[in-house]
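Starting off, we have a lone chain in the form predicted alone, written out as structure tokens.
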Amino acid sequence: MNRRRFCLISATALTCPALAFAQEWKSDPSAFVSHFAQVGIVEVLEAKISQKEKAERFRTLFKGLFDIPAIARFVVGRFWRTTPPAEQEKFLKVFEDVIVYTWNRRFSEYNGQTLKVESTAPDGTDGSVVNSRIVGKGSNDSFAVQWRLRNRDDGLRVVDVIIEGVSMAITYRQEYATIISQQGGMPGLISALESRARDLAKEVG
């Protein structure tokens, strides 16, 4: 999938009509996704703050609602097990930076799209899939988005976002496998991502 389109859809996935939520959103899949959208639009997309502040607010939202360690382990696959703990920590940090800055760079393209939760279904023994649709103003501006959730001790967490059948996690896994192969293992991947994160951070300011 085109990276620009993926990032735009990811950013617009933060938007839906405001709802009143109680604490049950942490364990109810539909409410969880809607809560993510509500907080994103109020505290990030429409907030009258700098891009740098938006990036940090999104980072807080992302870290609170996504299972970053689980996603990170998946995207590097078998290489995770042979990576020393210090390098694992470096990868987790730079992986988080790349995602936050990549999504943040597209927030300015939001122009009123809405996210509509359509249905939920079980996903394995400890998770759910939430089916939703992002609807824009144009007649052809509509995209299916699935959210894969897992139950954790403190509530639900996102482990993947699937847009029109294209998995965020699998896309990163394929890309990173290529970098690892070409750049000499995990140190090469970390170095490449650190360079990418620095470039993206410059756009944030």
Partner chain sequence: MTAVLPRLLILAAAVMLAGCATRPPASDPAAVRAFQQINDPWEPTNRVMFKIDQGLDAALIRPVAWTYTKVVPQPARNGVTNAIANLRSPITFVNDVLQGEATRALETFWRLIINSTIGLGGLFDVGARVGVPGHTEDFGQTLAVLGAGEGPFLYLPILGPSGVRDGIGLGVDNFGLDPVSWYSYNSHNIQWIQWAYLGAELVDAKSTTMATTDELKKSSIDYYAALRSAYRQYRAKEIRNGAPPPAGSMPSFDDEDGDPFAPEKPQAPR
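Positions refer to the first chain, counted from 1. Note that this is a predicted model, so its numbers are computed, not measured.
Just so it is clear, the following notes concern the form predicted together with the partner chain, a form of the same protein that is not shown.
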Region of this chain that lies against the partner chain in the predicted complex, out of 53-61, 40-48, 24-32, 66-74 [heavy atom, 4.5 Å]: 66-74
Every residue of T120, I134 and L156 near the partner chain in the predicted complex, heavy atom within 4.5 Å: no
T178, heavy atom within 4.5 angstroms of the partner chain in the predicted complex: yes
Contact flag, M186 vs the partner chain in the predicted complex, heavy atom cut 4.5 Å: no
Contact flag, D141 vs the partner chain in the predicted complex, heavy atom cut 4.5 Å: no
In the predicted complex, Q113 touching the partner chain (heavy atom, 4.5 Å): no
Heavy atom within 4.5 Å of the partner chain in the predicted complex - qualifying residues of 33-52: none
